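Read on for two forms of one protein chain; each stands alone as structure tokens, with the labels structure 1 and structure 2.
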Structure 1
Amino acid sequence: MAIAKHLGFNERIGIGSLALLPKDHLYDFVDQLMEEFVVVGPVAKGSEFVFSEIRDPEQVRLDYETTILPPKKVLHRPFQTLFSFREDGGITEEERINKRQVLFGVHPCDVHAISILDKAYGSEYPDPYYMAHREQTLIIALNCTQVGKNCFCHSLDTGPSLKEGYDLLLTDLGCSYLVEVGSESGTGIVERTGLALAPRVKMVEKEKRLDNARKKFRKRLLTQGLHELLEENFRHPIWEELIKSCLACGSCTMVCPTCFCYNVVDKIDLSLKSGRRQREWDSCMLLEYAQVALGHNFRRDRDARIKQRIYHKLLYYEPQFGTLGCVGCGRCISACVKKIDITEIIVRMRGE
């Protein structure tokens, strides 16, 4: 750990340290990050927000409630070329990234989702493509002091505050951001950018703002007895209703921060002399997803696909990864054109 001599007092910067980032210095801070890293953060897109590579620090918007797609798209890309091939048998491997990147302004629910992806892609059979991106990525997270209309992360203890999984953690205190250091990499950023250390009393102010945020949630998903509830209601009448309303378009899974399924396809160029093999996000909600050789489809019926999504998120994930597969970001509710709401499904099952 280094001594923060520039601060005028003898406190060491390290994991657990606090610093302050004045809001009028935010763009300077991002600019300094861009000198060292590729920075991906929330930017405005029309009336909504997306994660995008930052070209100008003033693009960054930390006042967002949610983004259309989660930041997982930076680590597990919607389309990724694995290699290119030619008629003569030549193979060209896709060039791997070699510059470190920062995911900036990531909300707690999305940080939790990344930790789930880390388990899915980094445990028994590590995925080299995901891990190559992940190992080059730092996370500067942002606690939520605003709550979206479809957010229910507080029910799952995945927000609005974050306890781990970050290199730096920001909390909006009004005129400045409280910066909490979570790793050696985060320590280095605080040192190099010269942020002023903050007194511990700032944590009291932080908790007040987070308590205020917790009071704003309008949705909830009660997890007590959830496993038993799902196991006992596999044939609940609500599934028949969902068959008629769900379009099985896959939007709910495309925006989900924890969905990790993909397909691998070969794309042949028009010349028929070359092509590329790429992987693409896939969805268990699509009819073709469960189709196997000779055309058999073991989830041809729509209700089987709907149940698979709900049961995988709320029942099957936990034995496999030690956590539920839903982080309460609410994107699936926002993206559904038929307004299907996972929290309402559970409320109906409970008879509330």
Structure 2
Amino acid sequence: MAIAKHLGFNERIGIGSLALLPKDHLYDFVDQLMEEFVVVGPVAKGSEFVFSEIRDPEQVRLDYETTILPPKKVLHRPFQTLFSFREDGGITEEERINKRQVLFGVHPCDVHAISILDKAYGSEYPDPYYMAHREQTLIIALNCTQVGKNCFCHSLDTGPSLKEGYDLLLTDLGCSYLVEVGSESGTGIVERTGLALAPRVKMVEKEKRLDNARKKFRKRLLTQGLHELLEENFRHPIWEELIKSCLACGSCTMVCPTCFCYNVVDKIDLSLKSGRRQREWDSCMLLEYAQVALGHNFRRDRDARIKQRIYHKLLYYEPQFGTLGCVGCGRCISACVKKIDITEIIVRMRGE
């Protein structure tokens, strides 16, 4: 642990320390990070935002509400080659040595989602491709002082503020970002970038801003009695209505930060003597998902597929991973052309 001498007093920087990043130093800070890491952060794309590798620090936009896809895409890649093979069974595994990367400006809901993916891919038979990316990844998170129109993390306790799962955590205090240190790696970054330490009272200001944000939420998903509610309403009329409107296009799962399903395909090279095995994101909303040989399908009915998504997120993640499968990011609501809204489904079931 180092001593911050530049402040003129001796305070140790470590986990739990506070520092300040003045807004006019943001780009310098990102620039410094880029010397050490691949930096992936929110950038503008048309009128929306996406996570993208930062080439120029000035691309970074910390004023975003939500991104189209979650940062999951750099950990569980939409397409991932597993290995190459030859006809005789010879296998060459994909190189799994990646440069260290920083996920920059990640909102609390997405950090929570990553910790769920860590459980899904990290437990028993750990997934070597996800783990290789994950182990090389630092998270610089950003508490939400802005609230998107479809956000409801406050009712799931996955936002707008974050308690754990970060290396550094930023909060917008107006002229500067408060920086909370969450790990040894985070400590190292604060030291190397020479951020000034901040006094404890800054936490009061942080809480004030977050309380202000909490008042802005327009949606909520109450978790009290949720399991019983879902178990009792497997045949609620809402499902009939959803079959009529849902297109079963899979957009809702493609944008979801906690969805982990994938499909596997073999691609043969032109020589026909070698090829690659590749996996790609899949969706339980698609007809082919549960299809097996001879045209049998375990979830042919759209009804069954709609229920699979909602019940998986709100009921089955709990026994599987010890946590709810929805982090309240609202992306599935934004992505749905038919405006199907997971919070609305629960409101209807509760008969509110």
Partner chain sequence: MLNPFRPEPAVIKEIKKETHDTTTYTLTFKDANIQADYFFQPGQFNMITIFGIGEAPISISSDPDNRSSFQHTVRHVGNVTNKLATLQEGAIVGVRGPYGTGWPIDLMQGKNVLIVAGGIGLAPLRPVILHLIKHRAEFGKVEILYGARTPNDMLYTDQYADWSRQDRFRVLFTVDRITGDRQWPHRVGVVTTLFQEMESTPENTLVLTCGPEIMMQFVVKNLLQRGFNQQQIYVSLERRMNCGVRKCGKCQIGPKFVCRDGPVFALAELAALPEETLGGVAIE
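Only the largest set of C-alpha atoms that superpose within 1.5 Å between the two forms is called the rigid core. One-based numbering along structure 1's sequence throughout. Since we're looking at a predicted model, the values are computed, not measured.
Participant: Look at both copies of the chain and name the one that is the form predicted in complex with the partner chain.
Facilitator: Pick structure 2 here.
Participant: Answer yes if the Cα of residue 188 shifts by 2 angstroms or more between structure 1 and structure 2 on a rigid-core superposition, and no otherwise.
Facilitator: For residue 188, whose C-alpha is compared between structure 1 and structure 2 after core superposition, the shift is less than 2 Å.
Participant: Taking the rigid core as reference, does residue 247 move its C-alpha 2 Å or further between structure 1 and structure 2?
Facilitator: No, the C-alpha moves less than 2 Å.
Participant: When you overlay the rigid core, is the Cα of residue 163 off by 2 Å or more between structure 1 and structure 2?
Facilitator: No: residue 163 shifts by under 2 Å between structure 1 and structure 2.
Participant: Quick one: how many Å does the C-alpha of residue 269 shift between structure 1 and structure 2 once the rigid core is superposed?
Facilitator: Its C-alpha shift, to one decimal, is 4.3 Å.
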